[in-house]
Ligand SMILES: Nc1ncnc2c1ncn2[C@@H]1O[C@H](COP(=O)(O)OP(=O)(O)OP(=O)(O)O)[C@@H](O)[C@H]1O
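We begin with a single chain expressed as structure tokens, specifically the form predicted alone.
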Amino acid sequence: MEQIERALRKSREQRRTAVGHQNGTAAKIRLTPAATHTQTRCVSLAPSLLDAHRVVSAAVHHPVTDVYRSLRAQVLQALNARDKTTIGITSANHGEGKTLTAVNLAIAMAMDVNHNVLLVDADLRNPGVATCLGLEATLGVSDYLTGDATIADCLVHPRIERLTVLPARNRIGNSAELLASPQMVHLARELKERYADRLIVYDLPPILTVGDAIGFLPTIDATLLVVRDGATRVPDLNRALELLGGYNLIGTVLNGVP
């Protein structure tokens, strides 16, 4: 627990330093043409909306971008050391920043010319990736799971080079059953095999609020826990760490530093 507290303090200091260097100007988001994604639906993102939603890791100059670059370096090092390619991002409870972290981390990874990235919204009860990016998801994970669409039908290229998104279109009441279903396990396996050259980032449900994530964790190579400064209670953090202990937890991320 002392190591975690030290890591959180260090992360808090890094984020405050980054924010302290902000000059107040709008970030410039680097978006690319969609010429190489002829079979994937392409959607242009609105830079102003990304900035409003704090999706900053695609910004050319933004003080917090370096924080996500640092996180990217640590995550890539951990995955490479284990020869793994998939990672799930979760939190103890709702509202602690796991979706924002998953989106920014996926984009930061895609900004590295050595990696192609697939971002998957696996929080079927409360999907947020599409909203965070400002995408209108016409098809998504639930459509694949119910047999109404193929994976290719659901993929979206947000015109950020080397990034593809598999969104979740709407909320599903029986998300716990679907997330642990053979169809979802097959989806994870197919994504890993079909897109073997990509890193896959899953935005997972909170680990304590609902039981959805537990059944899906064995299909993911590694996990990352998001902790919200001043909001995540110590008992919840301890319980989340206990639950994730057997699923290759590679670290914690501090979110919400003022």
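From 1 onward, residues are counted along the sequence shown. Small disclaimer: the values here were computed from a predicted structure and weren't measured.
There is also a form predicted in complex with the named molecule; it is not shown, and the following applies to it.
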Heavy atom within 4.5 Å of the named molecule in the predicted bound form, from candidates 54, 194, 69, 233, belongs to 54
Partner-contacting position among 94, 115, 169, 157 - heavy atom within 4.5 Å of the named molecule in the predicted bound form: 94
Given that the partner is absent here, does residue 126 sit within 4.5 Å of the named molecule in the predicted bound form, heavy atoms only? yes
Does residue 198 make contact with the named molecule in the predicted bound form, using a 4.5 Å heavy atom cut-off? no
Just to confirm, residue 41 within 4.5 Å of the named molecule in the predicted bound form by heavy atoms? no
If you check in the predicted bound form, is residue 100 within 4.5 Å of the named molecule, heavy atoms only? yes
Heavy atoms within 4.5 Å of the named molecule in the predicted bound form: which of the stretches 118 to 126, 76 to 84, 144 to 152, 184 to 192 has them? 118 to 126
